[in-house]
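Taking the form predicted on its own, here's one chain by itself in structure tokens.
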């Protein structure tokens, strides 16, 4: 039986993986940890946990994602987004486990006008993006690592843009949302299914494990304004959404203006099928 260790299991992605766990093949055993069970910033604790569990695959969903707070909490962001990743990669190497690490579109500067490919130059513009880039480097120092970049993640769990819009849409008659930041909303359940599908195919030797960087988001392109309008429509909120420029809504950390990701590499390597963002959003339980 192949054992999968999932860290950051109480976050959006980890929670979606946990929900899908019962549908996994009988040959896969999943072990879920969050900070209460394992402090991934502590190398000795990580190494001891790996010796006890001896995982075959490790999926790191843990991350410091408070983008604006990271500007003032650089050490904490670095500990979780970089140092902890280095610990997991080192322990994975010692155990001979395949390591899947989740990263972000924030490693790019957002100045392109075509979908970012995996080999495009990184140039983070925020502390969050910088620490995630360093985490990628730490993961890829181990040959058995796969980095999956994603963006605009939402789910049935945790705090996210969809839940915020639904709440504000019920409280306010109108709301202003930026229209000049473009990307692709990603349902965390779709990413969770993708990760488990890849591991399942590798576990039964249907596919070879391919190390390196991959991109995953839902298909299509939209602005945050477009996203908000669709959320209000599906949530039957009477709130009117007004488009504004980013300059009218300044934040401590700059956001990428363009963060659409090219997914051709992961589709080709693992026969991944990806839903359009609008279809995947509509399938969310929050609207059921």
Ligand SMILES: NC(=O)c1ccc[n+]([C@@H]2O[C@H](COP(=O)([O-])OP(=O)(O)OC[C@H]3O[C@@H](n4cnc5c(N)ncnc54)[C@H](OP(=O)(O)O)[C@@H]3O)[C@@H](O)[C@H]2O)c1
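The model shown is predicted, which means the values in this text are computed figures rather than measured ones. Positions refer to the first chain, counted from 1.
Another form exists, predicted together with the ligand; not displayed. Remarks below refer to it.
For the options 45, 35, 221, 248, the residue carrying a heavy atom within 4.5 angstroms of the ligand in the predicted complex is 35. Residue-level contacts in the predicted complex: of 214, 108, 99, 128, one residue has a heavy atom within 4.5 Å of the ligand, and it is 128.
When contacts are defined as a non-hydrogen atom within 4.5 Å, all of 39, 65 and 151 contact the ligand in the predicted complex. Segments offered: 252-260, 27-35, 233-241, 49-57. Contacting the ligand in the predicted complex at heavy atom distances within 4.5 Å is 27-35. Although the partner is absent here, residue 80 lies within 4.5 Å of the ligand in the predicted complex, judged by heavy atoms. Residue contact with the ligand in the predicted complex: residue 280 places no heavy atom within 4.5 Å of it.
In the predicted complex, the ligand sits within 4.5 Å of a heavy atom of residue 103. Although the partner is absent here, residue 70 is not a contact residue: none of its heavy atoms lies within 4.5 angstroms of the ligand in the predicted complex.
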